[in-house]
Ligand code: ADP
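The chain below stands alone and is given in structure tokens; this is the form predicted alone.
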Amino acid sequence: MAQFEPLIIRVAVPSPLRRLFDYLSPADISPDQAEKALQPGCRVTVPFGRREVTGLIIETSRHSEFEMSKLKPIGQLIDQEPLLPPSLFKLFIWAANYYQQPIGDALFTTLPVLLRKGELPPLPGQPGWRLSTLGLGLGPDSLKQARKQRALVDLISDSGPELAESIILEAFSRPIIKQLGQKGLIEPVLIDANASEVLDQSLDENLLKEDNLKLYSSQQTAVDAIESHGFNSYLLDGVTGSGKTEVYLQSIEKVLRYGRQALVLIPEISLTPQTEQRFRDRFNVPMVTLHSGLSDKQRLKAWMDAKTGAASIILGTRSAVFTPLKSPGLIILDEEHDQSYKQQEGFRYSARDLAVIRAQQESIPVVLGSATPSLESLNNCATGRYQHLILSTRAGDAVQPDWQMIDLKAERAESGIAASTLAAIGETIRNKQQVLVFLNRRGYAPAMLCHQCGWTAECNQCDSRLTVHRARSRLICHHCDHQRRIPQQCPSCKGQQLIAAGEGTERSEAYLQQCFPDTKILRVDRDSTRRKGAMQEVFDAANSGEPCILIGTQMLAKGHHFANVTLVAVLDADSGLFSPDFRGHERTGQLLTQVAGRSGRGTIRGRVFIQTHQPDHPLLELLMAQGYGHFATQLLAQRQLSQMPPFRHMAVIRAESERANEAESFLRLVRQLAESISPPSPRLGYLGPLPAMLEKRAGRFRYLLQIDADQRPALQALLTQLAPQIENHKDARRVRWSIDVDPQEL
């Protein structure tokens, strides 16, 4: 057999090393054949150390910096064609480089788990059912005692020869399908992707299940402004309840009629059920959801439906920004200000920013929506990068709620609830309306202390107090999840007077239940919604319209529509006003505006009670008097004066170790390396090393080095040279370190 000079295959593997690895193409394949078969974006198995791992081909070359004799050949070629379309593959590479993440780690963390493990993608198409031979011969009088089963048989027969499971499930439950399958009357099939496209085309006349809502003038202006062809970035800046979702729906309709797909991103899994229901109620097209709550098989199936075009609408959380689409037409990112769009561990990408980059590469529009836009997005509007679409009034007959400040210095409060707030809650319940009580602290109380000696229950792994969770009889650290039983006596002085100090959602819930024993109290936080379906039960109870009190954390503040909530009570508005993080005021304004926006979304005007010890704080006064828009303008002016993002660009290098001096000294070394590449100047500055705001967490001390620059290219040039030097330094093995570009948290 003829021997050929092998082709060099550069492969990314799931490794923390910031480099690609060179392998040889099989010796019995010519370079031309190898170049055709071994395409960038295909998976291969490769020897890596003592293991064989799944890798992703990035590029091919005729040359290597290593001796050919030291290179090993690739193993098996898993994919016959690239997993990702070229534009998305380009985005993967760009994102790994921009966020300074090892390329293999970046690529593989964004793929479905089963693909990372080397499994083959499922065949294209969607699951469906057809009548079996036995079912085809069923007489007209059969199944008289099982009317639903008979109705399903008739539906499949009339639709024939096969019907998609997603369509069946709109009218029939899975047990009905299962019963007919067990009787041998129907059998599963995989409906061909081309058949799905034909089905979609046949539905073009019946694209909508329900008619569009009538738009008011600002909504119509926004829908008309969103061009369906070519790249454009739009910021849909609409007050809470202004009908942003209707603008999304009618914009999606336009691209669906062109035979394209829409990718819709939301910040939290908890928003998925109600958002998905809105979309399914409106559109008669296949739709999939992508989030961490799915099984590996479900996620891969949804990913493939998006890739093959079997799904027309793709709804997902942060990582769905990397989902391949056969015919991309529109990207929508709701609640664009939400910090959940920034990954905080590992591959620290921003889904919001990547959505804009992806739309540009795909030449499609992207719509970023929020009632409280981020200062970065507002600045992009001011500089002409985004088109600013404003919805300044609520849809329909709803009007903005009235805000009222409650001065906690002047009023007695029990379990965090002031007397006037309690009276307003009682009045609202008597009027057969609903109340939302917001407190961004879960648990019963944020601290436990001894009245006699002053001992406090602290986490021995973190610089934080343990939170009292009375329902679980535990003291829990909300940073590392360390837990212990609630003690019966003080461990220090053996005294019996242990006090749960402060208020959490559990405590306020117990107090409200005591005050309103005949009223349903619904607590919404991470503890109460762990059970599957718990969040849906809350939505069902709230949407029933019956009087109730919803109490919870910021899980309640995002995007929910409760038509009968007419009073919102914010129990502690002060926590964000004194945050050392430069984004503290922005996030406080966003959170207060968002939670206040849950009030008065129906026909009755809402009220918002803001409890604070700082009723004269100028930012609170500005927010109440003139709204979030003026508030954000003031903050932007302050940021420009102080030269903070978005007017300068920032990266943070973090290090953590079991010894504080190791983390700090490592970052001193990093600063020396950085300054040798780019000395400090007005264009590029350094701050630190500094201890993190929570210095010790989970037994490790955390420090950070802040780098800022007036231009992104200068910052990227520094980091691109610096990262390999850090990685190759012997001290890098003693600590955990990471680079965070455009950090959202300090």
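As the structure is a prediction and not an experimental result, all values here were calculated from the model. We number the residues from 1 along the sequence you see.
Keep in mind that the form predicted in complex with the ligand is missing from the display, and what follows is about it.
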Q. So which stretch, 524-532, 243-251, 544-552, 485-493, is the one near the ligand in the model of the complex (non-hydrogen atoms, 4.5 Å)?
A. 243-251
**Q.** Contacting member of Lys178, Lys148, Arg278, His451, with respect to the ligand in the model of the complex [4.5 Å, heavy atom]
**A.** Arg278
Q: Consider the chain as shown here, without its partner, and state which of Arg465, His291, His561, Arg441 has a heavy atom within 4.5 Å of the ligand in the model of the complex.
A: His561
Q. With the partner left out of view, is Gln219 within 4.5 angstroms of the ligand in the model of the complex by any non-hydrogen atom?
A. yes
Q | Leu213: touches the ligand in the model of the complex, heavy atom cutoff 4.5 angstroms | A | yes
Q. Closest heavy atom of Arg130 to the ligand in the model of the complex, within 4.5 Å or not?
A. no
(Q) So, Val239 and the ligand: in the model of the complex, are they within 4.5 Å at any heavy atom pair? (A) yes
Q.
Just to make sure I understand: among 598-612, which residues lie within 4.5 Å of the ligand in the model of the complex, judging by heavy atoms?
A. Arg601
**Q.** Cα separation of Arg260 and Thr272 in the model of the complex versus here, shift of 3 Å or more
**A.** farther
